[in-house]
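Shown here is one chain on its own, the form predicted on its own, set out as structure tokens.
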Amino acid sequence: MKILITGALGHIGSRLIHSLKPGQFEEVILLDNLMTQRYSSLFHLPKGVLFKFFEKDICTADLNEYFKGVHAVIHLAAITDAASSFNKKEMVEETNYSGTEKVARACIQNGCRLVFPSTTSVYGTQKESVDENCSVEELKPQSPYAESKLKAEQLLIQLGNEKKLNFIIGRLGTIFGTSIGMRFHTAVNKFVWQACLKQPITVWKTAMNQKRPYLDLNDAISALLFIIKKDLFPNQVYNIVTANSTVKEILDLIKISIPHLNVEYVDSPIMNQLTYTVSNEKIKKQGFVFKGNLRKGIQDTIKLLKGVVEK
């Protein structure tokens, strides 16, 4: 079986490709435009796995050239920084929506299955707990990033109905955990970075005790591989969430290693000031087991930055 990964050198992609083992796939094609210059993600790739890397942008490349003979495409290429997406709406729309449309149509033309990682940020409901049955009317994405992901979801559903695209949408919780290509602009990793560098931990007003969904990077990788191995492409949405936690719970776990934290309350246009939990029961009923651990993910990240942690 041949697979293709777009955005292969990013936070999720870099951990994914370094997790592969000989014999899992006949060939693994990697596409990345290197916009973030994560060259190090290609260092020391697992031996015995046939990788082929191409420096290509999904928005401009002739994707058919790379999709031929591919069984499944894991479409990780995206602009994912929700906070900065307000200042680059056109770029986010082009990459996250138009780019996804190009990927989806190439999948249709070449008979590829599509794994599309969306985001739990599409939820903005007033309900205390939500699952995949949350109506479109209740979905209230709070940033151009989340809006682009929801719009892409709706496109895939349309293409599934009209063009027989085989896909699965995984609404991922906010990622935490380490990788060669990791990023630090999402909540848990950002808090750890700020704590290690003795910076004030910036928390949105009223958000300290509000729950949000988080996803251990190990669980994210396991879920992607589980989907392909199980051939789970039912043209449906699945929430992929390790835990629903409050900011206070996260900060308490950081304090285990860094007791003295300076918390600074800030305003932000991205937060909806709501609290809700996201159910992961649907994917669990398929047989997937979440093994992630928020405490371990935080401690692993702190260890990476131990050279700047106050002793």
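All residue numbers refer to positions in the sequence shown, first residue = 1. Everything quoted here is computed from the prediction, not taken from an experiment.
The next section is about a form of this same protein that is not shown, the form predicted together with a small molecule.
- Just one listed stretch, out of 158-166, 194-202, 129-137, 143-151, contacts the small molecule in the model of the complex at the 4.5 Å heavy atom level, and that stretch is 143-151.
- Using a 4.5 Å cut-off to the small molecule in the model of the complex, not one of 30, 49 and 68 places a heavy atom inside that distance.
- In summary, among the residues 250, 283, 58, 278, the only one with a non-hydrogen atom within 4.5 Å of the small molecule in the model of the complex is 58.
- For the residues 106, 78, 241, 72, the 4.5 Å heavy atom test against the small molecule in the model of the complex is passed only by 78.
- In the model of the complex, residue 211 stays away from the small molecule, with no heavy atom inside 4.5 Å.
- Within this chain, residue 64 is remote from the site of the small molecule in the model of the complex, having no heavy atom within 4.5 Å.
- In the model of the complex, the small molecule sits beyond 4.5 Å of every heavy atom of residue 297.
- Of the heavy atoms in residue 35, some are within 4.5 Å of the small molecule in the model of the complex.
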